[in-house]
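Let's start with one chain on its own, the form predicted on its own, as structure tokens.
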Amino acid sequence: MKYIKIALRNLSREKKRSFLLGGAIAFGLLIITIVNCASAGAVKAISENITKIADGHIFIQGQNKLESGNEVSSLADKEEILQIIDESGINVIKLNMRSEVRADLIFGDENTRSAISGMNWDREIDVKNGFRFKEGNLDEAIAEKYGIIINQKLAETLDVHLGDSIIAKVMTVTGQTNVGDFIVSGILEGTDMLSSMSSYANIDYINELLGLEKDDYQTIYIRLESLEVVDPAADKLYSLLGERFQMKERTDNSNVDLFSLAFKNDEAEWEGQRYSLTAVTEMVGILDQFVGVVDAVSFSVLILLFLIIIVGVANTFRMIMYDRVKEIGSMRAMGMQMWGVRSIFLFEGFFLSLAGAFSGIIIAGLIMFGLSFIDLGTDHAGAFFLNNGHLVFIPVVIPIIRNVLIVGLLTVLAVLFPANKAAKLDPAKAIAAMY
């Protein structure tokens, strides 16, 4: 205990030197902590944004392979599937049913491809409340059977305005080409990727274009209480469905887009009717890998940064040793052992690294707290990584603890050489030394 007190006293009496060394350590931890928390926050923001668009966490689709070999989208056993969901014991907040289609939209000489979600407007309360109209209003937009709500970016691409008629070329569920006419009944604000992922229309008309019955639908969207319960709920539901139906094998669907959830790049042979279940967490699987890469890169940068810092720490403590030669000689002459001198230096390095590390983490927390209040807007591609235009930071406890331990270890190792040299000083020569 007395060596700890001496070490703390030494740090406090050399405030400027301690502040500079601790500041260098704090800066390194500050940068790495912000990067790690920001990358984890980006994944959460994307998951939340996808959930907002679909108003769901788990998505179920069906596919039927005809004798001709053609594959058509079909939820043939939807009533039984809904019963399984109801009896699963999963806390379902809300169920949405949609039909979705990829369409070639044509207006005059302009054309583009867009996903169109067929919406049951009586159920899609949360999605409707999230609409921000640049032209038109919600009530008029959803009242029109042939109406289509598009985003500002799509409107600019096609050069259309409210009331214009758009031709849509789609593929029916039996693989035939069909053509429909939509009236632009609403244009949503925003030109970012999030707002441009889909257009919205009445599900009855979408079903008509797809060749489905009026009350039919292609996708079941299950909304849960939070992202934290998605994976166990998806695993349970997949297992229950697998007992009754042929299921598409779940994989890390990092390349899946929201409107081709189930059957993309599938090479497995299958026949008849089958179903797929996709969780929103699977759709951002590639981002989890991204977080891992960012963590690995930031950790490498941290090591490189502190290899540079510990050189300065080692040189500083070597100078400290020379400054304290007489003091060390006096303590040794009064009976302090070599390991005691060494312990004082090592404790100084340890407490210095600890103070610097925690200072860096605390400052990083304050900076992240302040940055999270800045509105960066949504009219840009980066908005998909934000939560309503705001940065999201998620504390990553394990990497932070690991970084603190690594910094502490490197600092102690940097101090070890001058500490050993100080411990080996001859007391008589140290007292008489002139520096």
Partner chain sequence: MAIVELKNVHKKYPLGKTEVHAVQGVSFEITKGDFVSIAGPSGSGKSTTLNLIGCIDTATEGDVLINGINTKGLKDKVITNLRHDTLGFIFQSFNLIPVLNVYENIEFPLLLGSGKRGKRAEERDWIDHLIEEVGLADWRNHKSNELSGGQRQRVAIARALVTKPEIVLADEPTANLDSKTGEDILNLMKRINREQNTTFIFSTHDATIVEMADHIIRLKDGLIVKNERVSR
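Whichever C-alpha set is largest while still superposing within 1.5 Å between the two forms counts as the rigid core. Residue numbers count along the first chain shown, from 1. All values reported here derive from a predicted model rather than from experimental measurement.
The next section is about a form of this same protein that is not shown, the form predicted together with its partner chain.
> So which stretch, 313-321, 83-91, 209-217, 329-337, is the one near its partner chain in the model of the complex (non-hydrogen atoms, 4.5 Å)?
Replying inline: Heavy-atom contact with the partner occurs in 329-337.
> Using 4.5 Å between non-hydrogen atoms, is residue 4 touching its partner chain in the model of the complex?
Replying inline: Judged by the heavy-atom cut-off of 4.5 Å, residue 4 is well away from its partner chain in the model of the complex.
>> So in the model of the complex, is its partner chain close enough to residue 15 to count as touching (4.5 Å, heavy atoms)?
In response: So residue 15 does not count as contacting its partner chain.
> Heavy atom to heavy atom, is residue 10 within 4.5 Å of its partner chain in the model of the complex?
Replying inline: Yes, residue 10 sits close enough to its partner chain in the model of the complex that at least one of its heavy atoms falls within 4.5 Å.
> Is it true that residue 327 shifts between this form and the one not shown by 2 Å or more at the Cα, once the core is aligned?
Replying inline: Yes; that C-alpha moves by at least 2 Å between this form and the one not shown.
>> residue 24: after superposing the rigid core, is there a C-alpha shift of 2 Å or more between this form and the one not shown?
In response: Where the cores coincide, residue 24 shows only a C-alpha shift between this form and the one not shown that is less than 2 Å.
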